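The chain below stands alone, shown as structure tokens; this is the form predicted alone.
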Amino acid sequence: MTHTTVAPDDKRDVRRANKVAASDRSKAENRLGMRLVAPAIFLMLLVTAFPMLRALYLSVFNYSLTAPDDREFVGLSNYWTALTDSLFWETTLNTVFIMVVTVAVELVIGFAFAMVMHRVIFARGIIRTSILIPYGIITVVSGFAWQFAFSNNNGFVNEWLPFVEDGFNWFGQYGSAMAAIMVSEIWKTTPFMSLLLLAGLAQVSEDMLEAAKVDGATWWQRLWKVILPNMRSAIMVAVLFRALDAYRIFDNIYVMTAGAQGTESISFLTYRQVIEQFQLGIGSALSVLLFLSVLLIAFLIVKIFRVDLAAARQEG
């Protein structure tokens, strides 16, 4: 009798003691974690926050490296100049156009590649390596390779496409030049998209797919009702990473057209103002606007997908 009345209290005491011990251990682990990441956080702040604050500071000055002694505080005048300039909006539209088209195409092709890498049952290593090779090539090298491919003198693209004249100059007008730039971008970064989607595809339960198959669901129904909904977190991460990367496009434009035919991006415009024309004030204002637009894009993508990453990590 004595045993049955005391045991529940003992169990509660044991649970309470374990909870306190677990809480103490958790706090100790958190403190250890903070100490371990503190140097990395300090280094990241040093190499990222300082340039951002410096750019923010320079953006409120009329400051040219050709006349450093004539630096003058102008407030938000540089931002007003940029936002009222048609060239700024043209480059922004170019950048958004490249981002939307390349990310959409890469999402479709990348998903197909991810399915191949996930389902292939023979020579898996060779096939996966072959698909990922383009991502290992430096973007500048990729840009030069595709510039050569689209050349009207010795490129092979005109010969391969029957509806294109042999002497067609891809870089002679806006539309075809943008197409060449986007082909180079898609070829280079689609493997990265497929790699992220492959990670999401591996988390889709085979039991759910088998259950859907037993219930008579077709392949198309399993794709839309089972696979894609369970990959929403991975798709959001892939789209987010690639959209932000595509919005900062610079290398391919610099190599393939140097901004000719109206193919400048917002990053290229900032580069021209700072590096070629030495206008640190307006260039810094453009870089701040670029940073703010990147934050806006990231916010919109997270809101559109409505993914709870904590729940996705099963931490909720």
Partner chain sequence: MSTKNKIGIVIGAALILVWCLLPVAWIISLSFKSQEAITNGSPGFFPSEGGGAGWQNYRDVLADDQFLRSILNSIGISLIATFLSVVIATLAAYAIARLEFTGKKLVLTLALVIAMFPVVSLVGPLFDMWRTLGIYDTWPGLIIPYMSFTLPLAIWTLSAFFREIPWEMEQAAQVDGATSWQAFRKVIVPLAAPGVFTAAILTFFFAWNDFVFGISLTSTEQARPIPAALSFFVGSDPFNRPASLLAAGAVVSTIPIIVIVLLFQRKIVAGLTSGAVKG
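Numbering follows the first chain given and starts at 1. Model, not experiment: these values are computed from the prediction.
This next part talks about the form predicted together with the partner chain, which is not shown.
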property: Of L132, L107, I98, A212, the one that lies within 4.5 Å of the partner chain in the predicted bound form (heavy atoms); result: L132
property: Answer option from T92, Q147, N230, S176, heavy atom within 4.5 Å of the partner chain in the predicted bound form; result: Q147
property: Any non-hydrogen atom of S59 within 4.5 angstroms of the partner chain in the predicted bound form; result: no
property: Partner proximity in the predicted bound form: R242 to the partner chain, non-hydrogen atom cutoff 4.5 Å; result: no
property: Contact flag, F122 vs the partner chain in the predicted bound form, heavy atom cut 4.5 Å; result: yes
property: The partner chain contact at E159 in the predicted bound form, heavy atom, 4.5 Å; result: yes
property: Partner contacts for 49-64, taking the partner chain in the predicted bound form and a 4.5 Å heavy atom cut-off; result: F50, P51, M52, R54, A55, L58, Y63
